[in-house]
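Next up: just one chain, as structure tokens, the form predicted alone.
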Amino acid sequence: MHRVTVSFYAAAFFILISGVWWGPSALSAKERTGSSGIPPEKAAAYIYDVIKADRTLYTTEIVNRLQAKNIISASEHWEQENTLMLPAQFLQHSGKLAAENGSEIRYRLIGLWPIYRRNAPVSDLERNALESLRKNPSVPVTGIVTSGRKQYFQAIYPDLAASQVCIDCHNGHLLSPKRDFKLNDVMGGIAITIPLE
């Protein structure tokens, strides 16, 4: 009986010490910050991963593949010309569709040299993020923005020239202010905006 009691107290002591030493670090981010849900940085990273995967798949397996086989091409005026939409348009239209479906999460392409002004940065955070991403595309830029009485978390990830289709469009477009993009250059950014409750 004495051996069981000693073992019980030894186990209880170990659990108590473990809780003191490891307890705080074992808490989730939700418990540490007192907030509920996924941290906005992590949510933005998840959204970016999905956007990047979808766009890469569309670009490589649909646009590039069908153009290489001379089946159909992609063009800016895809609706009138009965062609495929450009990869940038694919991202813009999917972001618009997500917004129309009631999600308060927004994502869009922005750039320092946009072909169309609607894709220009609209805040100091976006402008500074684009400048920062040109120098260091491996680290997204994040911050808090306010619209009306609501606050939003915003993350800006690099938008790289991942395919020749993107490069040809920007370098050859009549309205393009920059015409010397090369493969893997930072062309702009993908801005993801998430409401904070």
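In this text, rigid core is short for the largest set of C-alphas that superpose within 1.5 Å between two forms. Each residue number is its position in the shown sequence, starting from 1. Since this is a predicted model, take the numbers as computed values, not measurements.
Beyond what is shown, the protein has a form predicted together with heme C; the following relates to that form.
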property	result
Non-hydrogen atom within 4.5 angstroms of heme C in the predicted bound form for each of Glu76, Gln92 and His170	yes
Non-hydrogen atom contact Ala161 with heme C in the predicted bound form at 4.5 angstroms	yes
In the predicted bound form, Ala155 touching heme C (heavy atom, 4.5 Å)	no
Exercise: Ile115 in contact with heme C in the predicted bound form, heavy atom 4.5 Å	yes
Thr83: touches heme C in the predicted bound form, heavy atom cutoff 4.5 angstroms	no
Location of heme C contact in the predicted bound form, chosen stretch of 162-170, 40-48, 146-154, 131-139 [non-hydrogen atom, 4.5 Å]	162-170
After fitting the core, Leu183 CA displacement of 2 Å or more between the shown form and the other one	yes
